[in-house]
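First comes one chain, alone, set out as structure tokens in the form predicted on its own.
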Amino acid sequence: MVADQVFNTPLQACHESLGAKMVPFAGWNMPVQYQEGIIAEHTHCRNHAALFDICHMGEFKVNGVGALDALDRIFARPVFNQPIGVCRYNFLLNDDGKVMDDLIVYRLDEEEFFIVVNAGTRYSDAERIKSQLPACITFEDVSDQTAKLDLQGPESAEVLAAAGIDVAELPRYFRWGRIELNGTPILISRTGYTGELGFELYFDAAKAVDMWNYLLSFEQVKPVGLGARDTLRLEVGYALYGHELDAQHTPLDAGYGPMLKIDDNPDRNFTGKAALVASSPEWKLAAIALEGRRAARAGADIIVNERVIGVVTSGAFAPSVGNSVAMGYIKSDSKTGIGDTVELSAGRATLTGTVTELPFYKDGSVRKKL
């Protein structure tokens, strides 16, 4: 990637025709919102069906005899026991146990995998993974040939049914399958970043415009940008790389320790494990509900009794909740916990909040039975 170069997804002209406000994000020109605005888009996703352009994400293919064992040694969450047909949230760590990226691993076959990574870490992830794979394992970056659209919202399965897809054949939560939609072969998974029932669609990038327009032809579907995507994920407490997850924090800091199952598999080794087991978490990720609509932004201090005990990683007004919310890291030796009052810096003012449990929004359809 050329420094300072900003890339367009195949849908750039589509976004412009819809009046989208475009912003640079992770090296890509992306729609932050369309004409109705972030709150309207957020509300539409919570109630109907939203379509997101996620073509900026990175996709890798890994296959060959020994791929299962190799990836199990690379990623922090177990891969060795991941069944075919399952997609699993995982972490790529550095040698210090800090998070280089959070990603999703799809097991396509016995020794065949599809890995979806964040756009901003695509090249560093590829280099890191390739450097740890045996020479007999094939690694292919298929990002430029792959389009990714996310169809999210409680009516998303109804849209696919109207498109001729048998709902009974749609994958279960964190499972994947294959369908044909509008004449195009699709790898589909029941995953997403909104807290609602939803599906992520992977297919030939040459079909991106046709598929985008086809899905928008259904009356329940509206385009939604990165602004609402962020408020949707924040309301349900999903981490964002570069905010809650980064190369300064471990998965344990972020509360993902149980997911790694280190104690259940004491003989399993993976990159960064030694550092994780040799030290205790320095930080704990906290959820904070504010009293009003004014939000604290990333980088704001978290204060108790005039003492800074942490920093906000994400903050915004939460339309489905009715007040602002935030996530942030608090020092592990702080006694601040659920129910305690904290203050967040906001310029010359301070905002009062209460440490609470995640998710902030509890009525999502993400696990809705079909």
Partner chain sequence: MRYYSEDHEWIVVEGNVATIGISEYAANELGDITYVELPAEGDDVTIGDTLGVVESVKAASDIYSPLSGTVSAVNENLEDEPNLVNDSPEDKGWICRISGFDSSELDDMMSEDAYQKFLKEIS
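Here the structure is a predicted model, which means the values were calculated and not measured. Positions refer to the first chain, counted from 1.
Absent from the display: the form predicted together with its partner chain. The rest refers to it.
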| query | finding |
| --- | --- |
| In the predicted bound form, segment of 295-303, 157-165, 108-116, 80-88 with a heavy atom within 4.5 Å of its partner chain | 295-303 |
| Contact flag, A13 vs its partner chain in the predicted bound form, heavy atom cut 4.5 Å | no |
| Its partner chain contact in the predicted bound form: T231, any heavy atom under 4.5 Å | yes |
| V321 within 4.5 Å of its partner chain in the predicted bound form, heavy atoms | no |
| Its partner chain contact in the predicted bound form: G339, any heavy atom under 4.5 Å | no |
| The unique member of L68, I39, A26, V311 whose heavy atoms fall within 4.5 Å of its partner chain in the predicted bound form | I39 |
| Heavy atom within 4.5 Å of its partner chain in the predicted bound form - qualifying residues of 346-360 | R348, A349 |
